[in-house]
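Next up: just one chain, as structure tokens, the form predicted alone.
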């Protein structure tokens, strides 16, 4: 009987170990990715599990927050917004942790074109696995419809460069991105994909408790795809809303404080229904 019980417990442990879990995602959020004319931005940066309003985690502070702006063929201009970043407390359910907001005035993004926002957090310590994580995150906004540098590398240690306008996606479009490490394509990189299933509620700094999606099984929560030999991945977008893509461990830095570091590249895009 004892042997049977031990075997059963061992099997349950094995099944639990292989069950898919919500992915860690650095969320960089603004209500809109496209604006006809410049308006004030109310941005949030939260480290959480966005598919089901999961646990909020301490990202370890902020290292950089800026935008790369270009209109047409003009030179790219870097705008430092680190001074706009303010620490807040974000709550999802019973969990809470430091997160950040950035209030940016319309006058600071008054020029038409693309604004490639880059958020570089500190280092999150995953105690259960004994490793650190850093997710360098991009969010691309556009003012006035004139494109700029949306499909150009930002010169980050780890990044995803979109190959379709991330602020002009219809539901059903195919999204493609190229994963780069220090500017070089990363072949066979693992890319996790999640849908933001719970609405961001900026007034209370939380995500809605109502999930918009009914997942038929755990493996549908986080999709996993791999890049080809050129570092390119392809994903068909089945639903309107916010989609996050995270290329895992592609950055050049592999260690922090003597422990393993996963330096990831993240990008968020927004899809809209055709009416």
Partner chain sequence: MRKVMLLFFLCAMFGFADVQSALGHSALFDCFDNGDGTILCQGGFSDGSSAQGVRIVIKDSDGNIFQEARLDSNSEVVLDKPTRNFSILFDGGTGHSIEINGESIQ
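The model shown is predicted, which means the values in this text are computed figures rather than measured ones. Positions refer to the first chain, counted from 1.
The discussion below concerns the form predicted together with its partner chain, not included here.
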Subject >> Per-stretch contact check against its partner chain in the predicted bound form, the hit in 168-176, 67-75, 198-206, 126-134 (non-hydrogen atom, 4.5 angstroms) >> reply: 67-75
Original post:
Which residue among 112, 186, 99, 161 has a heavy atom within 4.5 angstroms of its partner chain in the predicted bound form?
Top reply: 112
Subject >> in the predicted bound form, the one of 32, 40, 36, 229 near its partner chain [non-hydrogen atom within 4.5 angstroms] >> reply: 36
**OP:** With heavy atoms only and a cut-off of 4.5 Å, decide whether residue 155 touches its partner chain in the predicted bound form.
**Re:** no
Original post:
Are any of the heavy atoms in residue 147 no more than 4.5 Å from a heavy atom of its partner chain in the predicted bound form?
Top reply: yes
Original post:
Does anything in 236-260 come within 4.5 Å of its partner chain in the predicted bound form by heavy atoms, and if so which residues, in order?
Top reply: none
